[in-house]
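Shown next as structure tokens: one chain only, the form predicted on its own.
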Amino acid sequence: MTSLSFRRNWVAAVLVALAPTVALAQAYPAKPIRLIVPFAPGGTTDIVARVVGDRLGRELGQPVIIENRAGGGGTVGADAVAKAASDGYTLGMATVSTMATNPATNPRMPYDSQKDLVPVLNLVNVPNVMTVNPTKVPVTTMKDAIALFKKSPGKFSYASSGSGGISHLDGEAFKVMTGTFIVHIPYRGSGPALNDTIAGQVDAQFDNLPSSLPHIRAGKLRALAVMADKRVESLPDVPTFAEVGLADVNNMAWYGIVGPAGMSRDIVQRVHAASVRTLADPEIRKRLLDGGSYVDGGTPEQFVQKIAREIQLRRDIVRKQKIVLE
């Protein structure tokens, strides 16, 4: 066999070997995609996932199936994404808790949010809000709430979506800044936490606006302050934390899409492009805005940078305020 013939045969063999991989990339997606929500149904992560999921599936040409995997303040679901096959058929909803707050507060994380997960797109930014049960905590202002909590330390409680998550960290920061002691009650997501706050089993909650907003509008919860740069359109009469003198608790949440490490750049770009088209839909944008979420978008690289900044921010908060998690 001549040298030229050998090279031709070698190239042909390589192309044959690569054909299934190339075909797979070109065909993606060829079956339904799982989108893991690391919290229970009813919370903001679940709400955002369901608003965008159906349209995202239409953009990709395959159904996007929402799967709730709650536990560990979001670490159970996020770990399931990190350990999934990197073929693009398992994606996850990323939150401040799963990507930044948990890594900043938990030295025994089962995954590395910067190494084991691939950021695709930051979908929305969301104000957080402190609410109280209007019967159990009969106040209308933050000033009165702080005075009531100081009067009876340990009598009142607040719910979070899970230990080590953003709502927990916000609650602990609130306690440090106000000199109050309210008992932390962790849940497996903000949905169950909301239910018990509304029912009066817990007195207060630090939650994302989209999941709390319907209950605030219905009078089942009373909003005392929002964590945002300025007052939000959906609650114009509610002050920001900065306005009530608690600027260091004024941190917004965000929600995005990630995949397992090793997911090809081609698949990342396909999911990213479909997500951008989804967010550009006027109906989707209106549903998100009406629910208290602000559309973000951006590139995968910008999302990587955002996550890195958030991890450092949360570590600084924990160190500065000497927050001790239960």
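Because the structure is a prediction, the values reported are computed rather than measured. Each residue number is its position in the shown sequence, starting from 1.
Below, we turn to the form predicted in complex with a small molecule, even though it does not appear here.
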Check your understanding: Going by heavy atoms within 4.5 Å, which of 82-90, 144-152, 130-138, 159-167 lines up against the small molecule in the model of the complex?
Key -> 159-167
**Study point:** 4.5 angstroms heavy atom contact with the small molecule in the model of the complex for Tyr255
**Key:** yes
Exercise for review: Indicate whether the small molecule has at least one heavy atom within 4.5 Å of a heavy atom of Gly77 in the model of the complex.
Suggested key: no
Review point. Taking heavy atoms and a 4.5 Å cut-off, does Pro119 contact the small molecule in the model of the complex?
Key: no
Practice item. Give a yes/no on whether Gly189 approaches the small molecule to within 4.5 Å in the model of the complex, heavy atoms considered. Key: yes
